[in-house]
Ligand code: ATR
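The form predicted alone is given below as one chain in structure tokens.
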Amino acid sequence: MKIDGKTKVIGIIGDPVEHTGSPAIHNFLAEKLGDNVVYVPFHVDRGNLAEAVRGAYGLGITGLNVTVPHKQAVMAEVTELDDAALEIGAVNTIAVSKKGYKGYNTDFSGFMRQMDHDSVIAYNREVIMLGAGGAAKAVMYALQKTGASKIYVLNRSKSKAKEIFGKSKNVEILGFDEWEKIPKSPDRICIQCTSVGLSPHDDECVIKDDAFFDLVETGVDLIYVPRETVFMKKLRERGKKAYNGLRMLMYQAVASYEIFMDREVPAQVREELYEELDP
């Protein structure tokens, strides 16, 4: 691309940030849409976050994605928060506004758009959610917004899960080893929100007992490397539907780009991006 005096700068801050695939996604969108913008990664240590945000604003950087470990801490460095970021308690996108940066969370909207694309309907259905980390917070917000009838949260630490989700409506919290307390019914969705099964440990599964998967009709694993996790294989072996998190990754990135550039990314470009990510 040609860089000139009118080129906008967007990027990502994190620690580490060298592994990120976000530059490829956003620069692909910029090229396809003909936008004069470039996306770059910035490594920001934990102790330098406040200075980095102030410096970015002073330099006129249009917006930044925010990844670990800064998603919570950056909330103190923005001048405004959207409703989703405030409710979830995490920010993954900041964009320039009149007085500073405004914080957003596009993880939940990315998840919702994937669910819509794959026709996974949570409304008035029971959902099992595995894990209670940062990704799970966005998933919980989305499930509550879409009207899930009941959400079983299974986590290694019940006390941690209760601290995070104990006040959420229609939620029951169990340990991973307590899954048999869930009444038998095949018509459930299961969202796998942990990092168990992530490459290179792609032979692992957070719940190993095959009988657990008889409780589930459709599963979504937020992991996208590998493309098919053990969690997904166990479901598919039983004739169940299973999806990875690649479309969530794409949709949350597209939502960030739309915020940065104040424009909609057409459906055709989104599909071209997905094919680029999963050739």
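Quick note: we count residues from 1 along the sequence shown, nothing fancier. These numbers were taken from a predicted model, which means no experiment stands behind them.
The following text describes the form predicted together with this ligand, which does not appear among the structures shown.
Residues placing heavy atoms within 4.5 Å of this ligand in the predicted complex fall in a single listed stretch, namely 129 to 137, out of 129 to 137, 110 to 118, 166 to 174, 76 to 84.
Proximity of V196 to this ligand in the predicted complex: non-hydrogen atoms within 4.5 Å are present.
V206 belongs to the set of residues with a heavy atom inside 4.5 Å of this ligand in the predicted complex. Contact between K162 and this ligand in the predicted complex is not found at the 4.5 Å heavy atom cutoff. Under a 4.5 angstroms non-hydrogen atom cutoff, this ligand in the predicted complex lacks S185 among its neighbouring residues. Contact annotation for 150 to 176: residues with any non-hydrogen atom within 4.5 angstroms of this ligand in the predicted complex are N155, R156, S157, K160, F176, listed in sequence order.
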